[in-house]
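One chain comes next, on its own, written out as C-alpha cells in the form predicted on its own.
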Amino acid sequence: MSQSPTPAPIGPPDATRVPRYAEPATFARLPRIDQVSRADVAIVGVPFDSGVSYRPGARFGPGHIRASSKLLRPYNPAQDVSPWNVLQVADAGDIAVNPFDLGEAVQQIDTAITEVRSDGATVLTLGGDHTIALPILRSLSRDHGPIAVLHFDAHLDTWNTYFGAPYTHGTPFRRASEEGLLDLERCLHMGTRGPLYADSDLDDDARLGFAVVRSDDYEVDGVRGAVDRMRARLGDAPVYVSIDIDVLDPAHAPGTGTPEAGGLTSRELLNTLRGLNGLNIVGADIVEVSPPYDHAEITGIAAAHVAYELLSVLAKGRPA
C-alpha cells in the first residue's frame, strides 16, 4: 500500500503581500500549532517570572520575543539553510502557569511540555525566568536519560536556595543535578562572569557536573576556541541548550533582570550557536528577557535571532 506524500511545511505569510507588522502574533509569523497536521518543532511560551531574585518582567518575555521576530526571513546564509522549508515549525502558544505557587508551576510546565512533545516535536521554549529549565529537563530525561546541558548565562544557576525556596531562577541546575537528570561529564556553562557569593560556589558547581567557558575566555581564545571546547565537552550526548539572555553584555541585552558587565556580543553568541551543527540537540530555551527594560527591542531582537539560529541548527540536523 503506497503512503501518501508528506505535505510541504507551512511557513509564514509572504512579506511582499502581507506587511510584517500585521498579524499573526506568532514567532516569526509562523502558523499556530492547530493550523498544521503535525510539528517538527513547537515554539512554546512560558510567561512566568515568580522565581526571579532581582528585576521582574520576564513573564512578558514570550510575547516580546514573538513581536521582535517578525523581521526574520526564510533563508539563513550563515548556515546555508531555510529552516521553514525543512522543518514544520509551529507556535504552540503559552502555558498557563500559576504565578503564586512555585512548586505547582514547575509541575504544570513539566506536564505541558511533555504533552507538546508527545507527538515527537522538539520544543523551543521562550521564557519566562530560568526556573522553567528544571521541569523541561525532567520531561526530557524521561525519554533521553541524563542530559548534557549547554548553559549560556552570566551566572552559574547552581545555587542552593533563596530565602529557603528550592525552586528559583538561580537554582534549576543544582536541582537537576541532584535529581540525576544531568550527564555529569558533559554539562557546560558558557559566558559566565561577575562576582560570586564565595569561592566555594565554583567547587559546588564542578561537583554538580559543570565545566566552565568564561566570558573572558572569548577574549583570549576567540569564538573558535570556545566552540572547540564546547564540542569536546558535549560529545555525542543528548544536549539541552539553555540560553539566559543575560549571557550577552548589557549593551547587547539591556532588557533582562540581572545584568552583568563584560558579557558576550550578539555576534559571538550567534556564531557559537552555529558551532552546534551535527550535535544531538533535544530541546532548548531562551529565558530572562524582560521587556520593561528593553528600549528599541534590542534584547527581543537578539533573542529572536538566537531562536532562529537554533532552529537552523535543528533544520541542518534533520536526516535527509
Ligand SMILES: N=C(N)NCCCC(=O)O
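Given the structure is predicted, the values throughout are model-derived calculations rather than measurements. Numbering starts at 1 and runs along the sequence shown.
Omitted from view is the form predicted in complex with the ligand, to which the following refers.
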Open item on the list: Would all three of H130, W159 and E288 be in contact with the ligand in the model of the complex, where contact means some heavy atom lies within 4.5 Å?
Closed with: yes
Exactly one of N271, S53, T265, N277 comes within 4.5 Å of the ligand in the model of the complex through a heavy atom, and that residue is S53
| query | Is there a heavy atom of D153 lying 4.5 Å or less from a heavy atom of the ligand in the model of the complex? | reply | yes
query: How about T258: is it within 4.5 Å of the ligand in the model of the complex, going by heavy atoms?
result: yes
Q) Heavy atoms within 4.5 Å of the ligand in the model of the complex: does D246 have any? A) yes
Examine G170 and determine whether its closest non-hydrogen atom to the ligand in the model of the complex is within 4.5 angstroms. yes
Only one of 184 to 192, 136 to 144, 159 to 167, 75 to 83 sits within 4.5 Å of the ligand in the model of the complex by heavy atom distance, namely 159 to 167
Within 197 to 216, the residues having any heavy atom within 4.5 Å of the ligand in the model of the complex are Y197
